[in-house]
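A single chain comes next, written as structure tokens; it is the form predicted on its own.
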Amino acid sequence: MSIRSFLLLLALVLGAAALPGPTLAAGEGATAGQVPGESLGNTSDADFWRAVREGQPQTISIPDREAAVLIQSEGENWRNIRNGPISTIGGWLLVGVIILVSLYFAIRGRIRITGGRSGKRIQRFTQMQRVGHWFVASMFILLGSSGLVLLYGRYGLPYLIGKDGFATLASASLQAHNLFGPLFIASIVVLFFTFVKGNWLSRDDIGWIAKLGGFFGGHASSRFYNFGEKNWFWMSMSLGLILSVSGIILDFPALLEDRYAQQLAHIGHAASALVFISVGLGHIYLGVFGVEGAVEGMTTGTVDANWAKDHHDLWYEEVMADEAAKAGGE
């Protein structure tokens, strides 16, 4: 083939390639952007995004279950519950307890020891019991205050200490919460075995309940622990268990690679903590301010004999009987 013939053939090929191809009218095989065949193609977009919005897992090629969920819709529900009912109801619960305690103190005043102090001291708590109690109490104050900063601090603290100050305080509260949380778990276990003896319900508690513990007048008999103290013990153990389990899930999210479980743990943790703190405020008031001589059992380990007769007369009678028996044996 000559060079002239080759050039002519090349021109014909290039010209044919530049010509427009045949156009297919609708109904003659055109897809108009649709996937050929029986597939829905673009018409399934609504169904696809609905599945995504509902948090339905898709197909993935990596071993991470959460990566299969493009949008976890429960996250919005969790945020609304945390910032809505949990925050609002919990806040009013705390305020309500403070108001009730203040009103009770204003009306009833401090409950004094009948007849004044006798001067006779009775052993009530051992050193081990007191150390265990105050260690848990210190964890309760530290974790409770840091948790309240994290839950409510942003509503007022930035205006008092500035945004930078609040950021520093919030960061410190979070680190303290995560650091001392495991210590609280261990102390709750020790506290259970230290104080469980004598905290089981008995028939004597019925009379104490009927007389409302004597807080509104009258005398309510009880043994070493009254019904109110027993109720506080079992509430502390129950709420402490919820806080411990949920706290472990939040501190170590790799244990449950499920964001929904972590959100439930956070809601349970916050709700239990708010109830715990609210009832704890009442316990602190009665033990430290409301009842004369009550806190001495946990500070010195002993209580005045007249205080024992006022609040734990059945236990007082047992102690006196034991002392008389020992004296008679000598």
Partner chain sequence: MSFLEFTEGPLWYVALVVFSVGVAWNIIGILAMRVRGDSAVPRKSPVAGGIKAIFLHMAPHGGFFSRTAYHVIVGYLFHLGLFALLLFGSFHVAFIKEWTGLSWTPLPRWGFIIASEVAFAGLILMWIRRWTDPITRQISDRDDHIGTGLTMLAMLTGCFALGEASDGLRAVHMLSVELLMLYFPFSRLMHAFTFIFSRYFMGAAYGKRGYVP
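This structure is a prediction, so every number in the text was calculated from the model and none was measured. Positions refer to the first chain, counted from 1.
What comes next is about the form predicted together with the partner chain, which is not displayed.
Sort through 114, 102, 127, 80 and report the residue having a heavy atom within 4.5 Å of the partner chain in the predicted bound form.
Selected option: 127.
Which residue, 235, 183, 245, 97, has a heavy atom that falls within 4.5 Å of the partner chain in the predicted bound form?
For this set of options, the contacting one is 183.
Does any heavy atom of residue 262 come within 4.5 Å of a heavy atom of the partner chain in the predicted bound form?
The answer is no: residue 262 has no heavy atom within 4.5 Å of the partner chain.
Taking heavy atoms and a 4.5 Å cut-off, does residue 134 contact the partner chain in the predicted bound form?
Yes, residue 134 is a contact residue.
Would residue 284 count as a contact of the partner chain in the predicted bound form, using a 4.5 angstroms cut-off between non-hydrogen atoms?
Output for residue 284 is no: heavy atoms all beyond 4.5 Å of the partner chain.
Looking in the predicted bound form, any heavy atom of residue 148 within 4.5 Å of the partner chain?
Residue 148: no contact with the partner chain in the predicted bound form.
Among 135 to 143, 215 to 223, 151 to 159, 201 to 209, which stretch has residues with heavy atoms no more than 4.5 Å from the partner chain in the predicted bound form?
Selected stretch: 135 to 143.
Quick one: name the residues from 156 to 192 with any non-hydrogen atom within 4.5 angstroms of the partner chain in the predicted bound form.
Counting only heavy atoms within 4.5 Å of the partner chain in the predicted bound form, the contacting residues of 156 to 192 are 168, 171, 172, 175, 176, 178, 179, 180, 182, 183.
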